[in-house]
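The chain below stands alone and is given as C-alpha cells, in the form predicted alone.
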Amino acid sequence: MNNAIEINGITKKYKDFMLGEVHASVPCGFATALIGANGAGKTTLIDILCGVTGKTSGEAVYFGNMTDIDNDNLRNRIGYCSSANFFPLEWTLKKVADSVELGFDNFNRQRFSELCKRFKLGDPAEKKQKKLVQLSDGNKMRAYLASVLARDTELLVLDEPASSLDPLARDMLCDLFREYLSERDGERSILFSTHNIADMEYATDYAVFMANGKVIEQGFVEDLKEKYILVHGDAENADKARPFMISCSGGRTSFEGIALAENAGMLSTFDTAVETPTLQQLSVGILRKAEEDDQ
C-alpha cells in the first residue's frame, strides 16, 4: 500500500521533552488520526511534518519520493492548519481569502465562499465583516478550515481541528473529511491530531497512538478492533482477569478494560463479557496502559 507520509525515525530534542524516534505511516486514500493525551508530542510531530519547526534527526518521505518539505511543489500539495491563531487576528474573511489566494495557486475563492456559508460564517465578499479576533474560538477554527479546504490539495494535515468545535460542527467536519477523500478516491489523504476521538470516530480509518513522544500502537481501525477486545465483569473477578488485560479500571461492583483478543478464551473463564471496543474505548485503554508504564 502506498503512503502519503512515511515517518522514519524522526526525533526532536527540547530541554524538557524528547520526541521519538517516531516510526509511523499515513496511508494514501484514508483519514489517519494521531491520538494521544495533551503533551504526547502530536503537535510537535505535525509541525515537523509541515516545516513549521525543524527536526533533530530522521526523515519524512511524502508521496513516495519527496523529502524536502520546503519544496514549493510539495507545499502546494499539502493543506496545513493549526489550532493556534493561524492568521493575524485583525484579518477579516476577505483578507484571509486574499492571502491564501496570493500564497497558493490552487485556492478556489468560490469554494472558500461556499464553505464559509456552510460553516455559517457569512459571506466573505460582504463589505462589513467581523475580524477574526471578534469570532469565537470555534468560528476561528471554522474559518481556518474553510481556507485550507478551499485549496485543491492531496493531503490535509490538521492539528486538533475539532478541539474548539461544537458537536454539530464536528459532525460537519466528519462529512467534509469524507467528501474530501471521495472527490478523488484513493488519491487524497488526511492526517489530523486529537486527544478526544469520540466525535471523530466516524471520520477515522487509521489510527496512530502516541504517548510520551513515541508511537505506541498504529493500524487500521478495523484491524485494531480485531486485535483488541473490551472486557467487563463483576468486581469480584477483577483480580483474576487483570493479569490477562492491557489496562483495567473499576469500582465496587464492576470492572472494565482492554485486552488482546487472543486472551478472550481465558478471560471468559472468569465470567466476563467480551465486546468489540469503540475507537474511543480502545484509545482510553491503550493510553491508560502507557500512562501506567510511565509511572
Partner chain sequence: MTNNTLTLSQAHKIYTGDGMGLHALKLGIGGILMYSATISAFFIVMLMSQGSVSEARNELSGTGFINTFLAIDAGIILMITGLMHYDRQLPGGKYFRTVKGGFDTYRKMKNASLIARVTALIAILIFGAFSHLLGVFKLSYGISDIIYIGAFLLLSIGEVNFMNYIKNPALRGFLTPFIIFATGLPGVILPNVFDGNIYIGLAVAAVAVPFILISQKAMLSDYKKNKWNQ
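Numbering follows the first chain given and starts at 1. The structure displayed is predicted, hence computed values, not measured ones.
This next part talks about the form predicted in complex with the partner chain, which is not shown.
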**Request:** Indicate whether Glu126 is a 4.5 Å heavy atom neighbour of the partner chain in the predicted complex.
**Result:** no
**Prompt:** Is Ser82 one of the residues lying within 4.5 Å of the partner chain in the predicted complex, judged by heavy atom distances?
**Reply:** yes
**Request:** Give a yes or no for Val100: in the predicted complex, does one of its heavy atoms lie within 4.5 Å of a heavy atom belonging to the partner chain?
**Result:** yes
**Item:** Partner contact for Lys214 in the predicted complex: the partner chain, 4.5 angstroms, heavy atom
**Value:** no
**Prompt:** Among 260 to 268, 33 to 41, 236 to 244, 51 to 59, which stretch has residues with heavy atoms no more than 4.5 Å from the partner chain in the predicted complex?
**Reply:** 51 to 59
**Prompt:** Judged by heavy atoms and a 4.5 Å cut-off, are Asp70, Pro88 and Asp105 together in contact with the partner chain in the predicted complex?
**Reply:** yes
